[in-house]
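Below, in structure tokens: the form predicted alone, a single chain.
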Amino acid sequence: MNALGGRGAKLTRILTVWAALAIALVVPIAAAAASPLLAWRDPVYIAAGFAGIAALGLQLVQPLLAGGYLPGFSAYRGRRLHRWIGAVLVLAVVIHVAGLWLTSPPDVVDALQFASPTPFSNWGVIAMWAVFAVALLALLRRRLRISPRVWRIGHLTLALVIVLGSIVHAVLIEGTMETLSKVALCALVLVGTAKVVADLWGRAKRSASP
């Protein structure tokens, strides 16, 4: 009887975690899809915008996978999926930037040169380069024989730059994302990342101590 109760509680916890994650990811997208600002917008511009929203949402999934907080995934499978999600994140950023460039090349050129009059562009560009840098670091990790300690420091530092840059970028934009769902998603990304970074640093210090 106790075993059945334990399995029921475990199943309830698993369903609760996944349902909460689904809500956190779907609500901002659904709210953005209902935005009146999408009227008369070019499909390429809309696709670019939603690619950016997807990229922000993936940044909530990434720390949860890296920290092993998503039930149903072992630490090994969580890390493997973390790498695949990272590749999807790079693709989402490329679609986001390419779509904006097709819509308005001068604005993208200004942003890449940090000459844009809109401050949110600078934060987006910083986050973009950090995404590319962390992907390149992951690809070259074995070839360059990067030590675990250097890898951990570099990866976590770039992850923080990506998250902080993306959050400031999103918050400063007054666009199709609904305000409350956007702020909630940004807060979850920030808290999730901070929790995982703190846990990983704690584990590293404990393993390094004699």
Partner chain sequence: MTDVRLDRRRLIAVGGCALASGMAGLVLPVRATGLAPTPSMAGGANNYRPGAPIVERIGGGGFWMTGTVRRAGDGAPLAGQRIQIWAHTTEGYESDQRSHGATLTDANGVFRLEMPQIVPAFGQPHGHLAYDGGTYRTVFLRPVMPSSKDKRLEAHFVLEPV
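Everything numeric here is computed off the predicted structure, so don't read it as measured data. Residue numbers count along the first chain shown, from 1.
This next part talks about the form predicted together with the partner chain, which is not shown.
**Q** Does any part of A115 reach within 4.5 Å of the partner chain in the predicted bound form? Heavy atoms only, please.
**A** Flag for A115 set to yes.
**Q** Just to confirm, Y45 within 4.5 Å of the partner chain in the predicted bound form by heavy atoms?
**A** Looking in the predicted bound form, residue contacts with the partner chain include Y45, since a heavy atom lies within 4.5 Å.
**Q** Does the 4.5 Å heavy atom contact test between L37 and the partner chain in the predicted bound form come out positive?
**A** Although the partner chain is absent here, L37 would touch it in the predicted bound form, with heavy atoms inside 4.5 Å.
**Q** Counting only non-hydrogen atoms and a 4.5 angstroms cut-off, does S104 reach the partner chain in the predicted bound form?
**A** It does: once the partner chain is placed as it appears in the predicted bound form, S104 has a heavy atom within 4.5 Å of it.
**Q** When the partner chain is placed as it is in the predicted bound form, which of 169-177, 153-161, 57-65, 22-30 ends up with heavy atoms within 4.5 Å of it?
**A** Residues of 169-177 come within 4.5 Å of the partner.
**Q** May I ask whether Y69, H82 and A187 each come within 4.5 Å of the partner chain in the predicted bound form, counting any non-hydrogen atom?
**A** Not a single residue of the candidate spot has a heavy atom within 4.5 Å of the partner chain in the predicted bound form.
**Q** Counting non-hydrogen atoms within 4.5 angstroms of the partner chain in the predicted bound form, say which of L91, A138, I126, V108 makes the cut.
**A** The option sitting close enough to the partner is V108.
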